[in-house]
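One chain follows as structure tokens, the form predicted alone.
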């Protein structure tokens, strides 16, 4: 039981640090592109008000970026401290995207963010605009490589098991790089970040209009946020559908748990709009079904079934038994010091990860009983209620953002932004994109359990063997440190929002004239 406690505490520590870090990532992604858009308008129009807008929102971006860096660095160290066997088992594959992210993306972003802040009077307008776009590109590239690494955990392609080293090794970096899950996760995640940035700008702009301050900058900011946010919110829904399709191909249990679908339905499967999942009775009470929707999302067809939880458990049980055969084959290969897996043994060894689930009940898995095999198969079902409700709240917020931005766009086009009911609605919407982002993280990562690498390595086997007191000490330390950073972040954001943007300088013969009207 002590070993299990170490695993659960290690999971809790990584989950908390990831959730803290993900408070800053979406806003960094969204604001970086919005800054580039605003400065592009400044360069094209020459109106000084757009320069001051860019500098003001850039200050808030810089605060958030610094906090994101501080909370993100420690996460990578945890792979070595808390998840040492995981790092040993898949380090050749997982480490490469993380290293490229640091070398290609983070250094690019960190270098040019300095030029962004200190280059306003040292670079030409076009030169500074290039710097701002490079900051935005660096932010997105950073997300790309992190998500490539994460997607491999969800869909481990381009790798083979080496019986001589007892590790997974890269067989095709091309497959790792162009993993379909990575592509779907990247576009969906960055679009969600753009929504977060747009809601942030929309809400702060609404705050200024409610207070009657910085009205010209606030109206322009809301107009940019409304159009950018509407496109982004629509993209999130469309690209989220693509994520559902890739999960339907590679993570069938996750889809079944999200839908609380216990039995395989006659195709095309319906989508459960509402209901109360009951794991004990394996039923969903008071469910409201929308015909065909799940079948179209998960299979892109009307004649393919979406497997239910019970059938998937039976499939898992078959793969466990097949993996036990692979486990015995592996012992023979190691005794013979084989350097590769013969073709006739590849299928059983491919299911080795399922057999390793049995190590939660006994170390000598070759002697597992039928009851233990069945227990291991049942362990492949994640917490249905958590996934069911997290997904529905996330989707509900996604459609809310579409309506919010559509309303903002409509009012901006009619020059009626200063309706107080709308401004209050926009201001109250400020925390919602973070809630949606965290729910999305829960759906993606909690839905993968019990796997740290889907179908390859169970989570409980990936943890380090370290004293439980050390984990408690670091867990408490991280919570206190990250909470302090969160308080500092909110304090600084509130402070600089309170100070507001500087007013454009008065027009002079050698200076650009400030904007007038609603440009």
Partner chain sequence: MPPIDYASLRLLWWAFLGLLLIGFAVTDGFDLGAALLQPFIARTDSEKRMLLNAIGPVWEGNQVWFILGGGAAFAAWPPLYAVSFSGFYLAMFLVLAALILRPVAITFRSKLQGAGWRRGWDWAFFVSGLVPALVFGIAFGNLFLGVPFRFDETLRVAYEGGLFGLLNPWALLCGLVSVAMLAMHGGNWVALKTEGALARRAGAAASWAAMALVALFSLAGLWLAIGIDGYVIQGSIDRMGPSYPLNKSVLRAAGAWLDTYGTHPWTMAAPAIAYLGAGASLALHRAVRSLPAFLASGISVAGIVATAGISLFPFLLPSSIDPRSSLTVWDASSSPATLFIMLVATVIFLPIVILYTGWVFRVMRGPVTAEAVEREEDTLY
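A quick note: this is a predicted structure, and the numbers were derived from the prediction, not measured. Residue numbers count along the first chain shown, from 1.
Although not depicted, the form predicted together with its partner chain is the subject of the following passage.
*Asks:* With the partner absent here, would 25, 304 and 421 each sit within 4.5 Å of its partner chain in the model of the complex, counting heavy atoms only?
*Replies:* Result no, not one residue of the spot touches its partner chain.
*Asks:* Does residue 67 reach its partner chain in the model of the complex, with heavy atoms at most 4.5 Å apart?
*Replies:* Judged by the heavy-atom cut-off of 4.5 Å, residue 67 is in contact with its partner chain in the model of the complex.
*Asks:* Mark residue 314 yes when one of its heavy atoms lies within 4.5 Å of a heavy atom of its partner chain in the model of the complex, and no otherwise.
*Replies:* Outside the cut-off, so no.
*Asks:* Can any non-hydrogen atom of residue 482 be found within 4.5 angstroms of its partner chain in the model of the complex?
*Replies:* Contact with its partner chain, yes.
*Asks:* At the 4.5 Å heavy atom threshold, is residue 478 in contact with its partner chain in the model of the complex?
*Replies:* Because a heavy atom of residue 478 falls inside 4.5 Å of its partner chain in the model of the complex, the answer is yes.
*Asks:* Okay, which stretch from 185 to 193, 268 to 276, 90 to 98, 250 to 258 lines its partner chain in the model of the complex, with non-hydrogen atoms inside 4.5 Å?
*Replies:* Answer to the contact question: 90 to 98.
*Asks:* 85, 389, 361, 434: which sits within 4.5 Å of its partner chain in the model of the complex by any heavy atom?
*Replies:* Looking at the other structure, the residue within range turns out to be 85.
*Asks:* Considering 133, 207, 79, 441, which brings a non-hydrogen atom within 4.5 Å of its partner chain in the model of the complex?
*Replies:* Selected residue: 79.
*Asks:* Determine the residues of 326 to 350 with a heavy atom within 4.5 Å of its partner chain in the model of the complex and present them in sequence order; the list may be empty.
*Replies:* Contacts from 326 to 350: 334, 337, 339.
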